[in-house]
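Okay, so here's just one chain, in structure tokens, the form predicted on its own.
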Amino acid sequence: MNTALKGKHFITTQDWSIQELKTIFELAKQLKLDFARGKFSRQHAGKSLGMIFFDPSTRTRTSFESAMTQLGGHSIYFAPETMQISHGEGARDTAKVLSGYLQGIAVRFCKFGQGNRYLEELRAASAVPIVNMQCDVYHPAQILADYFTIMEHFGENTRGLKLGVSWTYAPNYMRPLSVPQSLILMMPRFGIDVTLAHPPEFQLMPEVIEQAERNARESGTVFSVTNQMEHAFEDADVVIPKSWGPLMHTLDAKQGLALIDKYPDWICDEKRMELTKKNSLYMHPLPADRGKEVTPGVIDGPHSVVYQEAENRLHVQKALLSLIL
């Protein structure tokens, strides 16, 4: 383990070594046991985490706020419209001012082409760690919880497992690319073979695909991309079917929604789950669009671990904040 992590930013898991990530998981295991016993640390007493939400949240806000409370610290919720950001204050000044008051700054900003850039601007100017609560490119805290959940079911040696990451149909708005991109980046580093499936118009960012391919080569795993949904499910140990927008194809909302509506048959159902291994896991970061992304029989069925996965956000984030603040 590498425990010298105080002050380290958390914008993407790519910035963290395998040993550093394993330190989070080792601590998360202990903190989850403590949570079950009603035992809470006070190590962050007197410390504050500022949380800026450009986008709405249920799980992310609740889990980060609860994590700070259970560590004895305090969290401050910011909406940009209540800050001088709404009057044009830039990331540099925001970072310099807030890092004079706080021990960490966490941000959720998913607008395509803006979110990650804003986080990097904060990182460049901040005197305290910047934590990515989801941007347009990465959702690293979610992927920590995903891997921690997989590890709880299959053990710490995850080499040789197959993960299917598939696009699914979900109407009404174009969801970010950050979840599938973070999955394909981190999972191969832990020995997991990954198959990414999506319709032709729903490619991920080319630079992320290239990095995922490098990660797979360096770790001796298999990363493949297909336009057939079934390929992600065949003999899979874990499947994470999740919708995202055709943002590499078009940024026009009307065109994007029309493309999404071309593929209503891309749904995670019982028939596709039958292609997976007997003891496979169905996972989803939630909220899932029931009846469109996934059938009730799957999300409420024996393969589903979505609520365990959601709870694990608390434990891995508590471990993260314990180490870096």
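Owing to the predicted nature of the structure, the values given are computational and were not obtained by experimental measurement. A residue's number is simply how far along the shown sequence it sits, counting from 1.
There is another form of the same protein, the form predicted together with ligand CP; it is not shown, and what comes next is about it.
The contact with ligand CP in the predicted bound form, taken as any heavy atom within 4.5 Å, belongs to S57 out of S57, T276, T295, Q70.
Contact with ligand CP in the predicted bound form, defined as a heavy atom within 4.5 Å, holds for exactly one of A45, L286, A258, L33, namely L286.
From the list 154 to 162, 120 to 128, 222 to 230, 138 to 146, the contact stretch for ligand CP in the predicted bound form under a 4.5 Å heavy atom rule is 138 to 146. Although the partner is absent here, H198 sits far enough away that none of its heavy atoms falls within 4.5 Å of ligand CP in the predicted bound form. Remark: H315 does not count among the residues lining ligand CP in the predicted bound form, judged by a heavy atom distance of 4.5 Å or less. In this stretch, 16 to 30, not one residue has a heavy atom within 4.5 Å of ligand CP in the predicted bound form; the partner itself is omitted from this view.
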